[in-house]
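This document starts with one chain, in the form predicted alone, laid out as structure tokens.
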Amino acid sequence: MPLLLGISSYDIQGWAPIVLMLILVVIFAMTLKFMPRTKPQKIKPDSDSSVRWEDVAGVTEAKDELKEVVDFLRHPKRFKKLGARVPKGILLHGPPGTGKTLLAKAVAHEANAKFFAQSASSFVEMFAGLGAARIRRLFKIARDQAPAIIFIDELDAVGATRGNQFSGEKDQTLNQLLVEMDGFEGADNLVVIAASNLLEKLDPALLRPGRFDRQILVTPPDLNGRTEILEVHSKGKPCHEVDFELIARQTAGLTGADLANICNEAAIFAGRQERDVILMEDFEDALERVVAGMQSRRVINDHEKSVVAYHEAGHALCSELLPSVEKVHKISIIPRGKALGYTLNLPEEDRYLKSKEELIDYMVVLLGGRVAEHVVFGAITTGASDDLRKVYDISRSMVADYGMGTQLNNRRLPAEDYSMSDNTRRIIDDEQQELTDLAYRRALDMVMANRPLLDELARTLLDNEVLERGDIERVCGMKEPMAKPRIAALERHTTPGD
């Protein structure tokens, strides 16, 4: 007790910082002891890829560009005599599933080069400096085993514009990648191929010549490309009397990955039926599975089934009356995915440009189902939510992106432009509403003028649940549809300056 009384408050204040530091040291040591140990990833080339040029279809332009790189890696002396050098970097960009990774594997196989495949996210670490160290190791090992190809997938994970990260780790990793691609210690037979779905987010320093010399856009295939892709993915599968061109016509806008999935699903459907060959009906079922979703076992009552039938008949009726819209290939009221029914339209050919009238006609078709519900049952339901979303996107793009308005024509008005005045935003909303109302009035006029044909389509659909193209033509041939109605407001709306 006397000893404790002999310790002054001044002594306690002097020892307190030392004790606190000892406690922090103990906590830090315990943290290090129980932290998981991570070892550096072993970088080694992938096994020889079996992907050849004939295994890659639907991307003819990209293949032609990459064949030059293969020729250079195979015959470098021929190009060096002319003073040419191999492109240091090739950037493949485009939507997901178009075959960017497949192209890189084909280049590595055809060039007989070592193939180092890395994901850009594997370079991003929590601790500063680790990502840059992994970049250095990758390029050093690749140079030692040249000729080699480094493939970096999802480049935007590490190549985004600098200055947006608080920690600076991504910026340091990107800086190291830029230095390695500058070729201070480079090799002439080392090529970097990268893939990205977000070209606009990449740092400008990556895109300049000397780093990624070639930027190749890999787009979804056209009709011929889709046919070739289906044939490639059907090799080795026992297909019997399958019309790949017809399937390709039904898959406009789908990527190579989607088509490969359709071929695989068709084989699965044939296996479920215990058949030895894959038939056309298997591909049709697979297409519905991929496009519309899995068939649902939901049981709906008779009233809801009638509403769905008239809704889909409204879509089909407007499609048949409008010549600019693709004809209906199939109507179904069997629930699939989130939808209680669907109408499948098939284009006659690939189209890349749409006029103002064609976009309005498409909105008429989308609103035809909602209009049919209102005309027949006197009420509207929640079944048109997806149609309304598409109508909103189309009408907004027509006014803000395509300059198809009346007061704001020939101007692009991006939504992220915060300098836009409130009056301009109000005009955009008004013109968008005007386009939507115009499409709704046209759809209402068509449904009212062709009510008997709508009733016949809906009754036949209720009896059969699914109508193919031949059934639709037979029903429409029973009753002569009226001519496509025209509304004077359409001509008035398409005149600039009114």
Ligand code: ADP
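All values derive from a computational prediction rather than experimental measurement. Heads up: residue numbers just count along the shown sequence, starting at 1.
The same protein also has a form predicted in complex with the named molecule, omitted here; what follows describes it.
K.L.:
For the chain seen here without its partner, which of 22 to 30, 428 to 436, 458 to 466, 53 to 61 has a heavy atom within 4.5 Å of the named molecule in the model of the complex?
P.N.:
Stretch with heavy atoms near the partner: 53 to 61.
K.L.:
Taking the shortest heavy atom distance, is G97 within 4.5 Å of the named molecule in the model of the complex?
P.N.:
It does: once the named molecule is placed as it appears in the model of the complex, G97 has a heavy atom within 4.5 Å of it.
K.L.:
Can H233 be called a contact residue for the named molecule in the model of the complex at 4.5 Å between heavy atoms?
P.N.:
Output for H233 is yes: heavy atoms within 4.5 Å of the named molecule.
K.L.:
Please determine whether M398 contacts the named molecule in the model of the complex, using a 4.5 Å cut-off between heavy atoms.
P.N.:
M398: no contact with the named molecule in the model of the complex.
K.L.:
Is there a heavy atom of T101 no more than 4.5 Å from a heavy atom of the named molecule in the model of the complex?
P.N.:
Yes, T101 sits close enough to the named molecule in the model of the complex that at least one of its heavy atoms falls within 4.5 Å.
K.L.:
Can you pick out, from L246, V325, A257, A292, the residue that has a heavy atom within 4.5 Å of the named molecule in the model of the complex?
P.N.:
It is A257.
K.L.:
To verify the annotation, which of these, L317, A194, I149, I229, has a non-hydrogen atom within 4.5 Å of the named molecule in the model of the complex?
P.N.:
Spelling it out, the residue with a heavy atom inside the cut-off is I229.
K.L.:
Since the partner is left out here, which residues of 427 to 449 would have a heavy atom within 4.5 Å of the named molecule in the model of the complex?
P.N.:
The stretch does not touch the partner at all.
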